[in-house]
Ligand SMILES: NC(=O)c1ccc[n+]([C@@H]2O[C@H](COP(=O)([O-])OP(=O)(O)OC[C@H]3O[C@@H](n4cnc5c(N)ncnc54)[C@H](O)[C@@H]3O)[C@@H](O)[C@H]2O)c1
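Next up: just one chain, as structure tokens, the form predicted alone.
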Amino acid sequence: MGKLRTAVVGVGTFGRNHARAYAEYERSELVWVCDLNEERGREIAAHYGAQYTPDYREVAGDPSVEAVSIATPDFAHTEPALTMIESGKHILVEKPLATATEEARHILEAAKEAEVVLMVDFHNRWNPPFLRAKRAVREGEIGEPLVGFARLSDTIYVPTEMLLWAGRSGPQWFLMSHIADLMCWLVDKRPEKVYAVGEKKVLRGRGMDTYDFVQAMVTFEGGATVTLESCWVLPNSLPRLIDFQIYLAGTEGRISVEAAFQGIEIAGDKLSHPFVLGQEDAYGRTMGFVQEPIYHFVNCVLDGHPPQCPGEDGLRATAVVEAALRSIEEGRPVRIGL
């Protein structure tokens, strides 16, 4: 069987990782790189021997392309995803699947009708501590999940310097979609309702109409409850870019994961805690949980297997976050629209 011919739409914040994975993996070939930033797009395309275009419709029109990663900003997934599906291509979409439940549902239904693979890149499901946590729940080590807490936050560098489009997203989409998926995956029950609070103060003062933080209490079928917290205004003086913690207590035990500190501390001009499990060079190839779900997607397409993070899971995470935003606006608990 030949290599899977792939393309990446959006090679900014995270899409460049998709390009690298497709180019390095022995079962795939990177054919196209698409990005509105011509300098960046051409540079990455040239580096991996791919073609460049600023127009994703040119990728869709290439019948030799079999699979495409959609790694545009959070709010810009729907149109390129639907265009690729309409042209019969399998798609891997960066989280969140969409920033509206109806858009996520539309993508899911279109993929089913076209009979193409739709996977959402919830890469923390390949993160070793969370793989072990999932096994602990699956094998009954903590009994039935009862209550939990998940925090994934960034320093203020992310919305003010790293992302040019932060004002059109927020910690709820850029971060909370990760932990909404993680906790749904761990608890393994249907999320039913959410009560959330949030505040717009610091970032609004810098010209961005987006939340400084969102905190959401999610109740699942059967009564288990978890609190999700994402903040975008942590001080840049912290030794790491993210604050990432998970806690889950059950009827017979508990799980606690400190995912941000990964066992290494470097003190030079400043103190830092490098993020090493996600992606590191290892003797000529890249290793880490950032690459693994992309390889998994390739394998699913070539081997005809369903992906570990199907479109339904992307719809679920989007519905949880959208319900949290409705709860903030209405000041009351709301049902999750699934």
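Residues carry their position along the shown sequence, with the first being 1. All values derive from a computational prediction rather than experimental measurement.
Below, we turn to the form predicted in complex with the ligand, even though it does not appear here.
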Is there a heavy atom of residue 174 lying 4.5 Å or less from a heavy atom of the ligand in the model of the complex?
yes
Considering only heavy atoms, tell me if residue 165 and the ligand come within 4.5 Å of each other in the model of the complex.
yes
At 4.5 Å between heavy atoms, is residue 56 in contact with the ligand in the model of the complex?
yes
Should residue 30 be classed as touching the ligand in the model of the complex when contacts are defined as heavy atoms within 4.5 Å?
no
Pick from 134-142, 67-75, 223-231, 112-120: which stretch has a heavy atom within 4.5 Å of the ligand in the model of the complex?
67-75
Heavy atom within 4.5 Å of the ligand in the model of the complex: which of 317, 19, 9, 324?
9
From the list 243, 181, 212, 94, which entry has a heavy atom within 4.5 Å of the ligand in the model of the complex?
94
Given the ligand in the model of the complex, answer whether the residues 15, 37 and 40 all have a heavy atom inside 4.5 Å of it.
yes
